[in-house]
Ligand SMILES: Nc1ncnc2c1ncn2[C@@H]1O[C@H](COP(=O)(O)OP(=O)(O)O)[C@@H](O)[C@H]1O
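Before any questions on binding or motion, here is one chain by itself as structure tokens, the form predicted on its own.
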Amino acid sequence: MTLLIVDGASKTFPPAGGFFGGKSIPVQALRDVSLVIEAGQSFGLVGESGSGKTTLARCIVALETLSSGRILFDGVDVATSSRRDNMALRSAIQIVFQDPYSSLDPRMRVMDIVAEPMVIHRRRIRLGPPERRERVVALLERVGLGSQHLQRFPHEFSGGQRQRIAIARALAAEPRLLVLDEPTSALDVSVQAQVLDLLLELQREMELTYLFVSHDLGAIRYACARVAVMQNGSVVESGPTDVVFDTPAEQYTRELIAAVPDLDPDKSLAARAAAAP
């Protein structure tokens, strides 16, 4: 079943003031992007910095509005939905940000951070304070923490633990789609693997759909069944992850793959030679 359709999405940011009174030009961050994501799928979005992948993610979760095109979630247009549908969409689509150090309010305790989505969406998630506390504890335990962490503040945790709290907060809204915006890039390598494995376990258990935004091709290959490659705001190649990575059709994709470090220096040199025009 198709869950998310991105249809001809374009986004242009207005010009900002230039240096020393000079003129600046509008920035086109997205150019006629179209994607289809099936329910239960892990879909990867890759590209270098400035390729537009984070802008697309922010448009999907309604943090930015499109200049043209549509984003349909389960048949509902994200941009033109009614107030009632909009609240349902905000619950069904949640985002986990790149930096767990800035995505959690440092003044809030973990109990309040994870419970906040249940309070915001209390008309749909009908839980009183005792039930909310029980659910927060259950979510924390599911991501590898526990009730002993309820009254602590974010600064008392490591980066990996903070990202687990962010994941628990996203799950508290009972979403169907998680947008993962570089969820492991700010973490140590050993912690990255733990968080990736946790996300895959949660997906299987909760039948979640993921849009995984990353410049880390290794993480995308490990976690995603399908992938789209973005360059300068456009999708230049998409398809099954193994096919795109093993037999890339576009020169840009080959260059991205060749830029990935390899422990075998001979293999790295061979990959770079193969990508050369």
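The first residue of the shown sequence is 1; numbering continues from there. A quick note: this is a predicted structure, and the numbers were derived from the prediction, not measured.
We do not show the form predicted together with the named molecule, though everything after this point is about it.
What stretch, of 53-61, 238-246, 217-225, 66-74, brings heavy atoms to within 4.5 Å of the named molecule in the model of the complex?
Heavy atoms within 4.5 Å of the named molecule in the model of the complex occur in 53-61.
Within 4.5 Å, heavy atoms only, which of E38, E48, D32, E250 is in contact with the named molecule in the model of the complex?
For this set of options, the contacting one is E48.
Mind listing which residues of 172-194 have a heavy atom within 4.5 Å of the named molecule in the model of the complex?
Counting only heavy atoms within 4.5 Å of the named molecule in the model of the complex, no residue of 172-194 makes contact.
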